[in-house]
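A single chain, nothing else alongside it, follows as structure tokens in the form predicted alone.
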């Protein structure tokens, strides 16, 4: 009877902790944030305009003053180091842009980079200007043409590693995958205001749910951060997180498959422990 009372007390206090204290702690330390929005409803995007790739090819010549488009045979006019020193970060190659980024976001970014990427608090246009100028004066049709052209030269499929490299490695390194940021650390640290972290173990420290929300919109979870919203499609973002998992948590599937086996072992052990206890106490009494 005494043991049942002890068990009841343990159950009561466990219940109070689980249903009372733990949810309160989560609401304070981990407040709810809206789910990732892969439609980018808040941006001024294409507004339904369909582009003409042939016209976009001509407009793309405005981009190769800073960007490379290697899939179309265009190399950037400056080396990566010189470009980083000029702009603060290496301008991305545009070969995969229409594949990995949402087209509405991409259009909004071309129109106004600071607003679309949610870093207007950093690049206010007065004290500091975004390194990429806005091209909203081109109009929706011309921008749609450009995106259609980029879509025509983009690969049909792209690996998880390639998405990570194109979307993240201009600022971030991943030493466990032997990937270094294409922008020198001192340069990108000055540009961002702090050193972008190595992402090798980020999947273990943050988890995939946090990473999906953060990558989709960093301001939701870290208000005022200088990390821009990059505008990845859901598919591309999943590939980024997939690659981070492959690198930093390669044993995840094996570890999770072991869990039920361990619980089954403990359940069997508990039965034998109980039977052993009954036997011992029977002899005592």
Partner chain sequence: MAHFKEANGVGEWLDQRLATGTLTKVLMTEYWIPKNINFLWAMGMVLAFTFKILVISGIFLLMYYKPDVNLAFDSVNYTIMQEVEYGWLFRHVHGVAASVVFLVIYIHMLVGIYYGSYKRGREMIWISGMLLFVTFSAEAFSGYMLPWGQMSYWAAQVITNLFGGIPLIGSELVIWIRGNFVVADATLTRFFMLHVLLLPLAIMMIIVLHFYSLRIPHVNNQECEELDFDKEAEKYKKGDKKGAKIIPFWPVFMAKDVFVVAVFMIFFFYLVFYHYNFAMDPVNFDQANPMKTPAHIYPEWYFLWSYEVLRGFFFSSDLGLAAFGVANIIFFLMPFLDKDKTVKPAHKRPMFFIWFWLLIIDMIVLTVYGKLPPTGPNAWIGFVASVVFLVLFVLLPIITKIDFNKAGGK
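Positions refer to the first chain, counted from 1. Keep in mind it's a predicted model, so treat the numbers as computed, not measured.
From this point on, the text means the form predicted in complex with the partner chain, which you will not see here.
Quiz item: Has each of 63, 223 and 225 got a heavy atom lying within 4.5 angstroms of the partner chain in the predicted complex?
Solution: Looking in the predicted complex, the three residues 63, 223 and 225 all stay beyond 4.5 Å of the partner chain (heavy atoms).
Quiz item: Given that the partner is absent here, does residue 97 sit within 4.5 Å of the partner chain in the predicted complex, heavy atoms only?
Solution: Taking the distances in the predicted complex, the answer for residue 97 is no, it never comes within 4.5 Å of the partner chain.
Quiz item: Taking heavy atoms and a 4.5 Å cut-off, does residue 204 contact the partner chain in the predicted complex?
Solution: Residue-level check for residue 204: yes, a contact with the partner chain.
Quiz prompt | the partner chain contact at residue 235 in the predicted complex, heavy atom, 4.5 Å | solution = Close contact is absent here: in the predicted complex, residue 235 is far from the partner chain, nothing within 4.5 Å, heavy atoms only.
Exercise. Check whether residue 58 has any heavy atom within 4.5 Å of a heavy atom of the partner chain in the predicted complex, and answer yes or no.
Key: Taking the distances in the predicted complex, the answer for residue 58 is no, it never comes within 4.5 Å of the partner chain.
Exercise. Just one of 66 to 74, 256 to 264, 49 to 57, 33 to 41 has residues with a heavy atom within 4.5 Å of the partner chain in the predicted complex, so point it out.
Key: One stretch meets the cut-off, namely 256 to 264.
Self-check item: Contact assignment for the partner chain in the predicted complex, among 190, 128, 178, 121, heavy atom within 4.5 Å
Solution: Answer to the contact question: 178.
Self-check item: Residues of stretch 91 to 113 in contact with the partner chain in the predicted complex (4.5 Å, non-hydrogen atom)
Solution: Counting only heavy atoms within 4.5 Å of the partner chain in the predicted complex, no residue of 91 to 113 makes contact.
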